[in-house]
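A lone chain, given as structure tokens: the form predicted on its own.
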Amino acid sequence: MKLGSDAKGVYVIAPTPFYPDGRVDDESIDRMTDFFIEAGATGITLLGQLGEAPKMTLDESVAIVRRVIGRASLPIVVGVSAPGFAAMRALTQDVMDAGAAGVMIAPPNTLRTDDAIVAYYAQASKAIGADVPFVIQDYPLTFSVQMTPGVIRRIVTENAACVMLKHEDWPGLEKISQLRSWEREGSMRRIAILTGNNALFLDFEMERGADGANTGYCFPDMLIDVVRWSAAGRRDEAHDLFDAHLPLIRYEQQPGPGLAVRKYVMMRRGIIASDTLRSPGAKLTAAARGEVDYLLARLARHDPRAACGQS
């Protein structure tokens, strides 16, 4: 099952559950995987930006991938970004041998020119194997690398293995429109565009031509509903549900404590057993937990899924 340019729906970015002592929590991985499947996820992305991959050993990373692949009959994409190609190649070979559908590659923050960005992806594809499908992760807010639509078109044109863009630019709606325009006129082959950035602009990204979402958020089942309804032309319903979640989406998007918020809510929902982040990692203060609880109580008026753990 290899990732292709026809990918669509929601590829949930999975956090990595840990016990309070920092060990990987396999039981929570199983429960979380089952939840994603039952919610209707199209695929799962492991070891992404918020999967705490840099805090894990190679053996731990591969074991997590093998566990999820063994449980889910969905395409599994694995983040393999690394400072050097040797580490990227080793992890890619291990996860593809385990049955992964493809890999996701983010640009290092040292890239400063368009030519350097294009050359990097050509070198990365060669290093991991030109037959390995890969996803471009375009997230300038985190990686400080600006990819213009023209740069993305060059990467796609020069690398047959590039099948998806994880679009996380902000603002980025015009970028989606430009890429889709080039596809329609035939100056760029079609690739899947799934959006990230905590789904902050998912409602309008879908209308601009995105195929779905490739992000996290503590209610991935809401993302699945919004993507389905938008694709089905149920515009107002999709926007109404998205708007109800937007305050919590915004709160969870905070740099630093955002992942702690996500894990806290997923713990309250019974998806994972602990909201632990492996060190070094942020912890929610009592004040922050109170704010999240307040947002959940308000959200529950519109979406009963948010009434998690309330007495």
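Residue positions are given as counts along the sequence shown, with the first one as 1. Computed from a prediction, not measured in an experiment: that's the story for all the values here.
Missing here is the form predicted together with another copy of the chain; even so, the following discussion is about that form.
* **Partner proximity in the predicted complex: Ala288 to another copy of the chain, non-hydrogen atom cutoff 4.5 Å** => The answer is yes: Ala288 has a heavy atom within 4.5 Å of another copy of the chain.
* **Contact test in the predicted complex: Arg208 vs another copy of the chain, heavy atoms, 4.5 Å** => Heavy-atom contact with another copy of the chain at 4.5 Å: present for Arg208.
* With the partner left out of view, is Gly51 within 4.5 angstroms of another copy of the chain in the predicted complex by any non-hydrogen atom? -> Gly51: no, not in contact with another copy of the chain in the predicted complex.
* Asked: Would Leu295 count as touching another copy of the chain in the predicted complex under a 4.5 Å heavy atom rule?
  -> Yes, Leu295 lies within 4.5 Å of another copy of the chain in the predicted complex.
* Of Ala72, Leu200, Val132, Ala98, which residue is found within 4.5 angstroms of another copy of the chain in the predicted complex when only non-hydrogen atoms are counted? -> None of the others qualify; the residue that does is Leu200.
* To do: State yes only if every one of Thr110, His239 and Pro280 has a non-hydrogen atom within 4.5 Å of another copy of the chain in the predicted complex; otherwise state no.
  => Yes, the whole candidate spot contacts another copy of the chain.
* To do: Choose one stretch from 243 to 251, 64 to 72, 266 to 274, 30 to 38: the one whose residues place a heavy atom within 4.5 angstroms of another copy of the chain in the predicted complex.
  => Result of the contact check: 243 to 251.
* Residues from 52 to 71 in contact with another copy of the chain (non-hydrogen atom within 4.5 Å) in the predicted complex -> Sequence-ordered list: Pro54, Lys55, Met56, Thr57.
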